[in-house]
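Let's start with one chain on its own, the form predicted alone, as structure tokens.
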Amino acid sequence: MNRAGTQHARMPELITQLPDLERDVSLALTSTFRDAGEELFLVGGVVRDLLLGRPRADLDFATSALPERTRELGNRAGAASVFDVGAAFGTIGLVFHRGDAELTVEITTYRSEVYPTRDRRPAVQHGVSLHDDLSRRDFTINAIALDATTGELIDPFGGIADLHRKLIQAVGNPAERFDEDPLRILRAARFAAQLDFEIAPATLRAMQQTAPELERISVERVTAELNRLLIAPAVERGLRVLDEGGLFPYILPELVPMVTDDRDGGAARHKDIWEHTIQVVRQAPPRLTVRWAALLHDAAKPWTRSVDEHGAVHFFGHEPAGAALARKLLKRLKQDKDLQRRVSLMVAMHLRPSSYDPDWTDSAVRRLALEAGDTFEDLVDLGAADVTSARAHRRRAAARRIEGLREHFARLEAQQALDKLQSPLDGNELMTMFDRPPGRWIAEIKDRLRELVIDGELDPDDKETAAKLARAWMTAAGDPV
């Protein structure tokens, strides 16, 4: 494929992959704009994901029409409402309804951007071509346009070829693309994690060269990318790109000692902390709390390492030290306060699940669950992920301990649930109510009341109704009260 020229292909079936409402809106908009003499193309992530057969991204369009014209044509195509998304960039939002379903799409006028100063506030130029618009985008795989009505693909930078090669490559000069918006450096790592793609060598070199520019990006934008990377399917690849691209000093400087800890060797050797961490993150469920805890669980080890007289390496106190590091790091990233709390608690307690023994009493398991609170399930999942021994028998033994803890806790929860399904009235209350001594009659009434509770016909706390029923049964049995 000749990368120098614009590539055209026709794939009419692509648009059929969209859900009905999205497909119909795309066709209606494209036809309406074309009939009015304007161009309109699906662009960016939605085209990439359609070509990959992945769950599609939001619908974004690029058009030759200026914003006011887009408003007019959007209404003509049946939009229920029209609003400005980014007036400075010429982006208009349209809302479509079908029954109870609602769909919002964005349409942006073709633009190019000029960055006259280092404040990175681009001067937007409209009235340019589709090619110019695609040339300002970050990566070739995101610089493909699709005509919804004909299935024509416009691919001026070889993005389709890069999709086949599973390659993330900047459009044009990588250093220039990253200098325009340094967040693209981090986006490259995030796309690597989401798509399981490699970074093109020239793009990786440019990431390394321009990484310091990330310090100019707002912490909120950095945090959003990190969160998306951590829950991605190929998170291991994304973490390695952060390392290979030299990004840690500028986005997560607190982790640099852990990432670089074992690279200079040394007489006292131990498990490579960074390699272990990558494995734990990969093995952890893709929930944000668990993945952050997995990333940070051993982050304090470089500061707590000690070597005894026999040459054995220890990391005494790395759990509380790691919890403090996690709180500080996540607060700096302006993460949700609940995430800060949960992750720091899990880091502090991350060794506890692996210490479980079948001899633990019920009270010991309850105590652990109470201390973990609403993080218990996540904590146990972290404990399961934190098993990376190269020796199979050790992995099996650790897995048995974790599963034993799960089963023990499940038994306690089941027992607690059963305990709640009891008669609202106990024996003492029944004896007082009927002024009778103990006997088989108490068990019979309690059993009948418990059956109603189990069937959902009586609340376990409804003593008043239970008393009325008990009196009725006693009367029917010829023993009026």
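A quick note: this is a predicted structure, and the numbers were derived from the prediction, not measured. So that there is no doubt, residue numbering starts at 1 and follows the sequence shown.
Not pictured, yet referred to below: the form predicted together with a small molecule.
Using a 4.5 Å heavy atom cut-off, which stretch among 402-410, 179-187, 331-339, 359-367 contacts the small molecule in the predicted bound form?
-> That would be stretch 179-187.
Residue 191: touches the small molecule in the predicted bound form, heavy atom cutoff 4.5 angstroms = So residue 191 counts as contacting the small molecule.
With a 4.5 Å heavy atom cut-off, would you call residue 435 a contact of the small molecule in the predicted bound form?
-> Because no heavy atom of residue 435 falls inside 4.5 Å of the small molecule in the predicted bound form, the answer is no.
4.5 Å heavy atom contact, residue 451 and the small molecule in the predicted bound form = No, residue 451 stays farther than 4.5 Å from the small molecule in the predicted bound form.
For residue 34, is any heavy atom within 4.5 Å of the small molecule in the predicted bound form, or not?
-> Looking in the predicted bound form, residue contacts with the small molecule do not include residue 34, since no heavy atom lies within 4.5 Å.
Heavy atom within 4.5 Å of the small molecule in the predicted bound form: which of 203, 142, 375, 210 fits that? Just give me the one.
-> It is 142 that has a heavy atom within 4.5 Å of the partner.
Quick one: of 136, 350, 237, 318, which gets a non-hydrogen atom within 4.5 angstroms of the small molecule in the predicted bound form?
-> Result of the distance check: 136.
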